[in-house]
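We begin with a single chain expressed as C-alpha cells, specifically the form predicted alone.
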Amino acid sequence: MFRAAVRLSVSGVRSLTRAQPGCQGVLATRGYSHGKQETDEEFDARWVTYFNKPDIDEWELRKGMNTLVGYDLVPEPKILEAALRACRRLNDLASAIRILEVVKDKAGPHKDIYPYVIQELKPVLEELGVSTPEELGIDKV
C-alpha cells in the first residue's frame, strides 16, 4: 500500500518537473475592442483638462508628459500650451524646456512639425518667458 502511494507520488513529481515541449502551436487571436473609440477632440480635451488642474504637482506633470510621449503622436499645441502653463504654475523652467525638446524629438524626421509647433506656441512662450532650446543653444549638444 505504502509502495503504491510512493510510486504514484514520484510519478506525479516527475510529470511536474518534466520539460514541456519548446515549440507549441500559435493560437490566432483577434484584437477586437468593444469599448468606445476616443476622438481626437476628446483626446485633446482630456489632456488639456489634465494639465489645467489647479493642484497639479511636479510628479503628475512628469507622469502626464511621460504618458503622452509614449503615444505614437506629436501632441497638439493646445495640449503643450496647457503643459507649459502647468510648468509656469509650478515655477519649473527645466520641465518647460524639456517639453519643447521632447516635441522636437517626437517630430523625428518630419522637419516641418517642430517649427509649426513653435510657431503656434510662440505667443505663449513669450508670455511665460520660456526660451526655446534653440534660443538657449542647447540643441547642438
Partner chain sequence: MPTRGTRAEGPPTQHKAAELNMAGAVGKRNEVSDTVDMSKPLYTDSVDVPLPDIPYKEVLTDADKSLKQKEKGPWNQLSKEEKLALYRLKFLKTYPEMNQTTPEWKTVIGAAFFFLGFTGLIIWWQKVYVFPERPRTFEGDWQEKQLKRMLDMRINPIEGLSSKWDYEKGQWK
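Numbering follows the first chain given and starts at 1. Bear in mind that the values here come from a model prediction, so they are computed numbers and not experimental data.
This next part talks about the form predicted in complex with its partner chain, which is not shown.
Within 4.5 Å of its partner chain in the predicted complex, a heavy atom is found for none of Ala45, Leu80 and Leu121. Heavy atoms within 4.5 Å of its partner chain in the predicted complex are found in one stretch of 72 to 80, 108 to 116, 36 to 44, 57 to 65, which is 57 to 65. In the predicted complex, Asn91 approaches its partner chain with a heavy atom inside 4.5 Å. Contacts with its partner chain in the predicted complex, taken as any heavy atom within 4.5 Å, map within 98 to 131 to Arg98, Glu101, Val102, Asp105, Glu126, Glu127, Leu128, Gly129, Val130, Ser131.
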